[in-house]
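Only one chain comes next, encoded as structure tokens, the form predicted on its own.
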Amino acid sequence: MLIDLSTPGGAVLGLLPELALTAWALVILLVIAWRHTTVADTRLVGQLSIVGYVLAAGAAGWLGLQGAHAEGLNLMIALDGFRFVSDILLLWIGAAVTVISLRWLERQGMLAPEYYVLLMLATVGMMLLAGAADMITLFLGLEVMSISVYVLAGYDRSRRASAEAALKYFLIGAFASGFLLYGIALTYGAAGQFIFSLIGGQLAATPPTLMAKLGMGLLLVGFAFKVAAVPFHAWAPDVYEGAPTPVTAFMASGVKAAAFLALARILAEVFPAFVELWRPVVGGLAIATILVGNLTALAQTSLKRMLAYSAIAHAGYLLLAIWAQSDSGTAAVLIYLLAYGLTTVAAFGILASIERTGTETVRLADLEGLYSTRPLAATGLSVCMLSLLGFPGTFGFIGKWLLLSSALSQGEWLLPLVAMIGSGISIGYYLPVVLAMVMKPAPNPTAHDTIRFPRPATVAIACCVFVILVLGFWPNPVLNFASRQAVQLRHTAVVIAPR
């Protein structure tokens, strides 16, 4: 299906998933104006918001099945399989976090239904960021996402740590946005274009200029802040620990996924001619991020803080696939983001159910003896830890294997070696979680009596764990599908770039 994005109707059709979710968020705001005072009202808004994610995912799936594409160079949003798969992945993360939040907000006494609208608008921003085909749309998506997440990070007004997380994330996010905006300005100055494909064609046709190099460097710094790559990572542990647990799951999976999807598209379409310039930078970031993230995680006793440093390390693994700049590398990004998203949402969903009302965070000692009283929860969290570790039989192992393969296929050996060393180090903080739940006794007979797993969260977590195990043993359909979408991204970048 050919879509002319230069016409109003074509623009609406091309942006249908984002517009559908935005329109539903506006409808829910009207519902909130009418009902916003009771627990039932908050629960109703959460349930209605899930309908919006389903509608938007249906729109993205329909465009993908119709083979929606655009011809010409006046592109503001990408129309390819990579974008539609990215949309569905981000919508799934938003819906899963919403399901986990349904009873968690009630238990924490946070009866503010606007929370769900902010989640939806943040998801809209992530979709625009991941699917942007020009710099203006990229920046708009980044700001819509960031502003919503700033508020979500400080949503628990009863906890000082939540307010601190919001302030830190706002300051660092504004700093990162400044780098990105300055990089966009310099790139525009070097190429005279905002559209990715036109910039890529212009930069490929002329020798590299200092302005273009600086623009690319500042864009990389801005994205490094967003994905918490070392040395731009210091904000992540404090923000992840202080934010409400479902919001932490959303940030660690959704925000990180959107940033990596956008970075993959920018490097494939805007800077393919500069590959020899940015590869050493990305490789250096990957090595530092893997080693620092894993080594620092060893010293953590807070589960949220440990998972925050784990998320930093996983950003380093993903940079391996970005470094490869190949079809296999792009496919590895999609697969690993899916595996990491499933695992992270499930892990934080279990932690949210274990949290006691009013407590700061879950610590390793709080999990001791969990298997004896909550065997299914302990089993699910164990599967998540093993998947993050990259243990064979889990989807995380498949994702990590693809990352290593994509780098090895380019003749690189140092980055895969560092990644394997980092995975070896991670055994020191993932396995103690499993051992504490299974091998150690509970500190007292009533230690886990306050744990409650609401039915919606239980279903969402169980589905995530089931998929992690199934795709760990039978990944071929998903691998083949991801490979086809990766080829579409790189094919689009080559076809529409001017010669």
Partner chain sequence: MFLGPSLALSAVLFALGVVGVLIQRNAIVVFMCVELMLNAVNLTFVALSQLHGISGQIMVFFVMTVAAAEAAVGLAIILAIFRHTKSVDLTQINLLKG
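Positions refer to the first chain, counted from 1. These numbers come from a predicted model, not from an experiment.
From this point on, the text means the form predicted in complex with its partner chain, which you will not see here.
- Taken together, I93, V97 and L198 are entirely out of contact with its partner chain in the model of the complex: none brings a heavy atom within 4.5 Å.
- Within 4.5 Å of some heavy atom of its partner chain in the model of the complex lies at least one heavy atom of E164.
- Although the partner is absent from this view, W104 stays clear of its partner chain in the model of the complex, with no non-hydrogen atom inside 4.5 angstroms.
- For A365, no non-hydrogen atom is located within 4.5 Å of its partner chain in the model of the complex, even though that partner is not displayed.
- Mapping the unseen interface onto this chain, L186 counts among the residues with a heavy atom inside 4.5 Å of its partner chain in the model of the complex.
- Here the chain stands alone, but in the model of the complex its contact with its partner chain, taken as any heavy atom within 4.5 Å, falls in 166 to 174 among 245 to 253, 166 to 174, 338 to 346, 260 to 268.
- Only one of the listed residues (F84, Y309, W323, Y317) places a non-hydrogen atom within 4.5 angstroms of its partner chain in the model of the complex, and that residue is Y309.
- Contact residues in stretch 22 to 36 (any heavy atom within 4.5 Å of its partner chain, taken in the model of the complex) are absent; none meets the cut-off.
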